[in-house]
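Okay, here we've got a single chain as structure tokens, the form predicted alone, with questions on binding and movement later.
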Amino acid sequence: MPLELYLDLHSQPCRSVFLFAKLNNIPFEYKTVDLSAGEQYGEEFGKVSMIRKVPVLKDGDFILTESIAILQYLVGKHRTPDHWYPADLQKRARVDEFLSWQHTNIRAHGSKVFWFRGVLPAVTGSPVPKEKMDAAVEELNTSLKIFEDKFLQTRGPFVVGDKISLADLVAIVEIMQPVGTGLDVFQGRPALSAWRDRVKKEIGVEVFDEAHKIIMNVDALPQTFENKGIPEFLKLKIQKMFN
């Protein structure tokens, strides 16, 4: 029986898990959790995870939340190629270093820009105030510069040397999040652009585009919300997140 992955590809962590499973030919059943409809707060999903976030892995009776833990579980269970999460102590430490750093940097700031540019205007019908938007973009720019200077410039074509790793996979899905709103974060960043091209080539253009198709159509969110009738409790929750 294949494992079950509860996913919504609007979510960066979901895309990293989806891509990793696909790239390593790990069989899984895709269980859709529609975040825009608030399904993560529904009774059925609550039986799977009290955390009420995606992704979630269900392997028989074993349930695991948090994307990094899921990726590491898949590495161990399926004995994926070493380059994803190297056995070498120092190389693995470099992967862990990035995975720890990105939570409060690229992930936090890229997500905020995505919400400010894509989600909040769709929910409220009004743009985010310019000063808030400018501050969010500046925070993202700072994180991207650190990513380039620390994690890319001195370590080879990928975050950990010559081969792609979990660090690159997690990084690319996070950096693509604001791109989905029309913000070209690669413009004027040749090192970042070259790294993206290498990662995309390693992943494969077809599966990369499959994972990011929904996020590259974020302009459809207002119509999506209108069609589904976003629950009032979810609308209020979204508005409170960034007040």
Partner chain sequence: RSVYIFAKKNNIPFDYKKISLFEGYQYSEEFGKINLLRKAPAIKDGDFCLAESVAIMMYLAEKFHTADHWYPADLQKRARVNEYLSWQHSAIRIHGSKMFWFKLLIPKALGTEVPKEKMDNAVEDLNASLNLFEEKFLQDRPFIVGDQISLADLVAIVEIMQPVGAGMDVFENRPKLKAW
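Because the structure is predicted, anything quoted here is derived from the model rather than measured. Numbering follows the first chain given and starts at 1.
As for the form predicted together with the partner chain, it is not shown, yet the points below apply to it.
J.: Taking any heavy atom pair closer than or equal to 4.5 Å as contact, tell me whether residue 150 reaches the partner chain in the model of the complex.
T.: Flag for residue 150 set to yes.
J.: Please run the contact check for residue 76 against the partner chain in the model of the complex: heavy atoms, 4.5 angstroms, yes or no?
T.: Judged by the heavy-atom cut-off of 4.5 Å, residue 76 is in contact with the partner chain in the model of the complex.
J.: According to a 4.5 angstroms non-hydrogen atom cut-off, is residue 191 in contact with the partner chain in the model of the complex?
T.: Result no; residue 191 lies far from the partner chain in the model of the complex.
J.: Residue-level question: is residue 69 within 4.5 Å of the partner chain in the model of the complex, judged on heavy atoms?
T.: Yes, residue 69 lies within 4.5 Å of the partner chain in the model of the complex.
J.: Report the residue, out of 183, 64, 37, 207, that has at least one non-hydrogen atom within 4.5 angstroms of the partner chain in the model of the complex.
T.: It is 64 that has a heavy atom within 4.5 Å of the partner.
J.: Please name which of the stretches 193-201, 46-54, 25-33, 174-182 has residues with heavy atoms lying within 4.5 Å of the partner chain in the model of the complex.
T.: Among the listed stretches, the partner-contacting one is 46-54.
J.: Each of 213, 217 and 224 near the partner chain in the model of the complex, meaning some heavy atom within 4.5 Å?
T.: Heavy-atom distance to the partner chain in the model of the complex: none of the three under 4.5 Å.
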